[in-house]
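Before any questions on how it binds or moves, here is one chain, the form predicted on its own, in structure tokens.
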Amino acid sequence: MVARALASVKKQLGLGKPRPGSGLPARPVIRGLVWARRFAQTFFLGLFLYLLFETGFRGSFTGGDEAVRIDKPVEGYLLADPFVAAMTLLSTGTVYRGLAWSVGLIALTLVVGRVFCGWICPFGTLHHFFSWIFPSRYLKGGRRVEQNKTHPVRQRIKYYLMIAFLLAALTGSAIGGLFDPICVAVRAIGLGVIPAIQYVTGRGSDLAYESGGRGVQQAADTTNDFLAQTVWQNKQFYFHQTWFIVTLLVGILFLNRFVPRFWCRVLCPLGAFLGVFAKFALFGMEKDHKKCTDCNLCLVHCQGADSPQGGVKWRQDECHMCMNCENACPEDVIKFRFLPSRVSTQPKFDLARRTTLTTAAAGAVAIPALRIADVIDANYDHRVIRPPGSVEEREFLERCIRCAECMKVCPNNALHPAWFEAGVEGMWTPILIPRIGYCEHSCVLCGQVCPTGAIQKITEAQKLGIDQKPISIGTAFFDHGRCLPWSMGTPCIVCEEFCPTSPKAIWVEEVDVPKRSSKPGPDGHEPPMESVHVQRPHVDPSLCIGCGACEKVCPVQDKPAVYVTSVGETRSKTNVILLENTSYSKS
């Protein structure tokens, strides 16, 4: 059925038709470039997925004194992202370490145009793949030709988004990471798709065990061992907001059934950013309009809506360099070469001046408007517990691109995308939710994979406080009304046992308390009182690092008896338990 569908698509698109008078489908060099592009797309998508699977820890933190690191450049795609580099440059005034690699991609674009979009971008390839494997009945014949034409209003949207996000960065926020394609791919696939596949695989293994067949069970064991060692992390992960994140991904992919590569043509700010440089590329298209017979084969195969057809100015900033148009053209109207004639090229960007100015103004005022409530500087939300090594909150929002690399690599599933806990501006930035997972005492992996420095690359010695003060991300508090030794006279020291600091931040008070006996009283009267020895836990805030281990293991279900808030975090000088040397403390 799939083969018939593909054959039908090829017939509709005119694939394989010989060039008039030659009997050949296309010039061998161009056809070779088309196949090279397909190979490159497959390779770079595979590399992206490989690095994404490697963004995880499958070992143990009890194996010795050796530092735990991810030995592969798992954040490599983000480091080479020039839109991320531009946002961090505008928001912080600096380019963070490895982001200098993005200069190489800009140089490549200045030479051969938007080859990244057509040959390298994993998110663009994902859209291309879904458009090919699930061909739309809507996009046939004249409809496909019409949708592949340049639609000025549609093509402008991504440029307006790019301008708005860059102006937002200039006012101090990297919120544009919500729309960066590499960030979208890492966030959606890493937090939603991969855990979903792991869950389905686990359920399949459970069914295999329940089947009772020895051979099936052995195959399931072998498969599980392989996946646990090479693919999955050490347990099933779940993340907040993934239902929404994955739904958005599915929705964007579904739109390819109506507009080919919808994201790339309409919404991608990285594509728009590269398009600005591609306008001056040394490699480009020449068209002989007189020879064009209006067969529209170039439009049928176009991946970028750059107007390859005759009689229309070519949009160099929209071309993905897929080479499909020259490969399909039966009249040799289209030729790609270095230093081409610019006669048939659109010389200016097709942007509406008023809309551009309005968009720029909106981007410039959006972040200050979102900060009117002052949620960053004054009204702290106790749930905004940032990863260890995070910079101060204002700078954190200047740098964090919501890529979710830190969440994916966290070994205890402790980091999750925020919703509105940190305000609208903090949407999908990482926060620690101790009830789901705690911060591993000696783990610094989140800082190792952060591409922008929102989470610093600290060492284990810095985090643990060896020869210095340890890094704290919050402070634990006890709810005496729910704590078993405090409120019910029931012995429990789980939190103290699991406290990882040395000396322990949780200490216990030995005390005998009265408690009603579990045995009924004489003649059915009230049970007698008895004395019970319990150990009441206390927190030493000078030693607590806010890791959340106590909250994670608290045996009181639903709302735990011990909980962690962000107060007392090392990165902030104002989010403290007691303000010292201020008018507040003096009053």
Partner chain sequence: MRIPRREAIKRIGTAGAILGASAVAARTLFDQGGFDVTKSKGARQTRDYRIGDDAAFAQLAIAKNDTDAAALTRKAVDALGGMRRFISNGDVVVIKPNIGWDRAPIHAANTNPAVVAEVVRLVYDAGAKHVVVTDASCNEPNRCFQRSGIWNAAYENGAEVILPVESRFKSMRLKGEVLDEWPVYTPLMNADKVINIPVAKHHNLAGYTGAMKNWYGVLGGRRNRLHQNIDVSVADLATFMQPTLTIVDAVRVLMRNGPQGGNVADAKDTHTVIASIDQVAADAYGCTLIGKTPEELPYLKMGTERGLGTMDWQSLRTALV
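Positions refer to the first chain, counted from 1. These figures come from a predicted structure and were not determined experimentally.
FYI, the form predicted together with its partner chain isn't displayed, but the following is about it.
- Taking Pro555, Pro528, Gly32, Pro541 one by one, only a single residue has any non-hydrogen atom within 4.5 Å of its partner chain in the model of the complex, and it is Pro555.
- Checking Gly204, Pro500, Gly311, Gly76 against its partner chain in the model of the complex, a heavy atom within 4.5 Å turns up for just one residue: Pro500.
- In the model of the complex, none of the heavy atoms of Pro28 sits within 4.5 Å of a heavy atom of its partner chain.
- In the model of the complex, no heavy atom of Thr345 sits within 4.5 Å of its partner chain.
- Contact annotation for Val68: at least one heavy atom lies within 4.5 Å of its partner chain in the model of the complex.
- The shortest heavy atom separation between Phe61 and its partner chain in the model of the complex is within 4.5 Å.
- You can rule out all but one of 296-304, 165-173, 231-239, 182-190: in the model of the complex, only 231-239 has residues with a heavy atom within 4.5 Å of its partner chain.
- Residues Leu357, Asp381 and Val567 are none of them found to lie within 4.5 Å of its partner chain in the model of the complex, as judged by heavy atom distances.
- Taking its partner chain as it sits in the model of the complex, the stretch 427-451 comes within 4.5 angstroms of it through a non-hydrogen atom at Arg435, Tyr438, Glu440, His441, Ser442, Cys443, Leu445.
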